[in-house]
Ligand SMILES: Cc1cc2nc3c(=O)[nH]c(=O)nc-3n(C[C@H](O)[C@H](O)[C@H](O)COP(=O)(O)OP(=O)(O)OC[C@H]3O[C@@H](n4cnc5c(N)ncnc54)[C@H](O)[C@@H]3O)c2cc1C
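What follows is a single chain, given as structure tokens, in the form predicted on its own.
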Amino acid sequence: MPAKLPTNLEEIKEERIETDILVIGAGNAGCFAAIEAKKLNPDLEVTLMEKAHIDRSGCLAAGMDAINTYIKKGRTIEEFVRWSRAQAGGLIREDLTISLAEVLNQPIEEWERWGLPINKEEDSDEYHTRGKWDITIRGSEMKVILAEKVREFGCKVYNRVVATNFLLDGEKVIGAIGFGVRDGKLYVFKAKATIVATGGAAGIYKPYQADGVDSHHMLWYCPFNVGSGYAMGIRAGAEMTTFEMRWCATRTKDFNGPIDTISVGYKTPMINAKGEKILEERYAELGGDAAPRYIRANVPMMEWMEGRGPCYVDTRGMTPEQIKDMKIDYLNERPSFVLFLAARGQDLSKEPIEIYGSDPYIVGGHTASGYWIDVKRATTLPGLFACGDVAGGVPNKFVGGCAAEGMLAARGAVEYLSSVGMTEIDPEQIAREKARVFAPAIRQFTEGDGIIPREMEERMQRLMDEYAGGVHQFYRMNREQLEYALKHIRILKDQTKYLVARDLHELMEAHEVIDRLEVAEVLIHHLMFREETRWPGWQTRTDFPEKNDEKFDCFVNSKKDPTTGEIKVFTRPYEQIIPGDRYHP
């Protein structure tokens, strides 16, 4: 039974924990970070802080049907960098991508030793492949396996604890603070080093499935990944990069199911209402069916805008065996999609699957949005390391890359520990955060009226959708729209003082919308700054429709002043390490 909301600050119980390394977020990257730290030094105290429950948390909660980045026999690190660079429109951190690729296969092979079933080629020990970099797995229990290993290595796990802010000594991160969504306690984690491994940001934009009946969180991404790791860094003054490279995916219309599994894995062409093979016929110069993902996201939008929608992936050429195999793939990752097809009585050999775009996300595992880090995965805040979806600069990490980056962050953090001791926390800092965290609960008790998180979230989502390039605007935006969005996001941020929470779960939702607003404000600044269109679909400026290499062949970064709240946006140069054409693999 969840605890009751407090009626005043004095009755809130506190729990204080000291640890060598604190890992915030026990998803894929966080678990591999914790395990790697214990491998490097079993005597270290390693603690994980998890909003949900480690057994089924993060992007792998429901399982996966493939590992999307694995360097197969005969392929090289240079090929991997070239492919990832081309997929991201020529703009990635090559230093980070190379260091990631050097250890990319290690966590996957270890996962298999722990019990993850990885499919093999017939009569061979080679992994079964799908596309250039995918290997197929039966991964419905992969997160459970990983969680069990975290416990076996002796890491401490605090489940159902919502992280709200870092603890700071000047700019140095010395731990984090949060509250228990089941017990209502304030949790204070004091740490020598902190690794942020939270997910990206979903739910900033209105999804097209939200139809007034309620498909509120029928998303491409985990709905419980709301960008809190980004928001905590933004509030602490960390440097962020490339938020404007949003992730918008081509999805199954009215279900939001994965499409690359069908179109890439089974080579089904994308067609429009006229039956034309869109990518092959209209985008041949960009790679046709192998065009970068932002092009693939933009294609259905363009076809609809130009009167040739709806669009489909044409499954009518698939063999009965292929259709059966594809459904088995989905049963490992998205079993409800198979039920969706069955409920509609859809025979894929006769009727293609309709596709459309998703709402936009900020997610560093797919694009390059996130903390600005060095090769040891250290952020610009001393004592803080970042990995996985929350770390920027390395798109196309996916499952394997996020796991590998967790290992790299742990190595950086363990090395950092040798130079630091435990720092005392200013009691005033804890008191201020305690008052901020529980304010919506106290307001509910004292005022009995206010804005519930759901109301503010819906206003934010509609605002971002209509004025900051949401799916209902075909991802298009201009300066005037973005200025309107920024003005009203700031109004919403000011109105967060009127949020109320009627139970601990709603208190969590209140902080989720506060964090989403923090991310949305920075995102708009990035979208406004990049006065060009570099990734049509992910970032389309109608007032600057062309690419401008002279000004913007670089990273757009930002930093918020924690004292004044001013957001400074600036650029960092792109550095090419692997030679060759950046736009073709």
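Note that the structure is predicted; figures quoted are calculated from it, not measured. From 1 onward, residues are counted along the sequence shown.
What follows is about the form predicted together with this ligand, which we do not show.
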Handout entry: Stretch in contact in the predicted bound form with this ligand, which is absent here, among 89-97, 456-464, 471-479, 382-390 (heavy atoms within 4.5 Å)
Key = 382-390
Problem - 4.5 Å heavy atom contact, residue 202 and this ligand in the predicted bound form - result: no
Exercise for the section: Consider residue 59 of the chain shown here, and say whether it contacts this ligand in the predicted bound form, taking contact as heavy atoms within 4.5 Å. Expected result: yes
Handout entry: residue 334: touches this ligand in the predicted bound form, heavy atom cutoff 4.5 angstroms
Key = yes
Practice task
Give a yes/no on whether residue 519 approaches this ligand to within 4.5 Å in the predicted bound form, heavy atoms considered.
Solution key: no
Completion exercise
Assert contact residue (this ligand, in the predicted bound form, non-hydrogen atom within 4.5 Å, options 258, 184, 412, 265) equals 258
Fill in the blank from the handout: The one option of 220, 208, 294, 80 with any heavy atom within 4.5 Å of this ligand in the predicted bound form is 220
Fill in the blank from the handout: Residues in 65-94 that come within 4.5 Å of this ligand in the predicted bound form by at least one heavy atom, in order, are 65, 66, 67, 68
